[in-house]
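Just one chain follows, in the form predicted on its own, and it is written as structure tokens.
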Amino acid sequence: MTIGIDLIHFSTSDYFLGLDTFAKEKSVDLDKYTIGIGQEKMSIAPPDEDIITLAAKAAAPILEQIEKNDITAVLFATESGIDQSKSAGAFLHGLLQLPNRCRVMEFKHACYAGTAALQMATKMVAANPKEKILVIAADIAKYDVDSSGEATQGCGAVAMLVTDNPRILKIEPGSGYYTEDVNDFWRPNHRETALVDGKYSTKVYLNSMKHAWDNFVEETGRGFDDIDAFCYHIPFSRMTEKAHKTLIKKVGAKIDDETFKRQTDAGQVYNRIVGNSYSASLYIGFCSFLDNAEESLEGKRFGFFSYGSGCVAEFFSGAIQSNYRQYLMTDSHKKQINSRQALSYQQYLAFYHSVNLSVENIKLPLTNKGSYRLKAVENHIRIYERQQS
């Protein structure tokens, strides 16, 4: 049985903050960001955009291509959860008017949760090939003003339809895992912004990757030379370079600069101008690779490294299917990115740090240009609406 990603689409917000604007505000050399961490822009969600509206925007184009009543489960991965009890997927289920004969669950483990949801979906389809599962990874990366993480903020959502006989990616059996109880990144319940020890987190990320790789090789028998391209979790784009260099050194591979770029570069294009999207970032990177690779990827094997702080890591692989290009949504991805509006630093502060959604009642101004928006909070209940295009 072949199981994997049948369709995939991502969304981001309608606004961005340029790192040139950010660097000028902070009186910092722009090279610190464009070269140091490999970032140029970060998508910024307005107050009436959240993980539910981002997820709906990501999923809608997939639902337009299938019979949505065939969806049997929604697995929603996020670390930007909006309720301690009710699943984010339940809000999404109602907003998209999905069938009642459907299961909904929320997954959380920092940036790893999207992979956890994807892998569970494959097991559900293996148990019942009739299943058609909508996997969502959606997050808004937000840090304190003037913190070390502020320049790596961003937002995005990815929707993946997981089925039997997928048209884009066959997910291969066997993964490598690594878990360790560490404190490199965390967000207590009372905080809206995350806390991070950046240098320590990078160290744990790379150590986890090496252990997960060893387990992957042991479990699958596949090695570095069996993989054509690599997608890594990307908190900032330079992390891909760090990770790939670490893996190459570990396995003792000898590759030239051109091969290095061919194996990784296409997957960084979107992240450089969207910013961190936590659980979605690995899969936005995959979309980026599919959309921006210069050569056909048919039959190519991808290696995926998923990392969630705290920490859980997984390395797995998948094979690109024949005729995959005709099922991509490249035009939609690029249109979203190219149509974003630039913000001033003060506008960014007003969007990201000036609205308190924990209050009992609030009506939100219309700033979200997408088809779905958070309209209000009434008696602590979030109210969403679908807007006319």
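This one's a predicted model, so the numbers in the text were calculated from it and none came from an experiment. Throughout, we count residues from 1 along the sequence that is shown.
The same protein has a further form, the form predicted together with a small molecule, not shown here; the description that follows concerns it.
A residue is said to contact a partner when one of its heavy atoms sits within 4.5 Å of a partner heavy atom; P235 meets this definition for the small molecule in the predicted complex. Within this chain, N276 lines the site of the small molecule in the predicted complex, having a heavy atom no more than 4.5 Å away.
Contact between P61 and the small molecule in the predicted complex is not found at the 4.5 Å heavy atom cutoff.
For S148, a non-hydrogen atom is located within 4.5 Å of the small molecule in the predicted complex, even though that partner is not displayed. The contact with the small molecule in the predicted complex, taken as any heavy atom within 4.5 Å, belongs to D31 out of E360, D31, D331, D70. Exactly one listed residue, out of T152, T163, Q263, T240, brings a non-hydrogen atom to within 4.5 Å of the small molecule in the predicted complex: T152.
Partner contact region in the predicted complex: 197-205, out of 222-230, 265-273, 197-205, 130-138, criterion any non-hydrogen atom within 4.5 Å of the small molecule.
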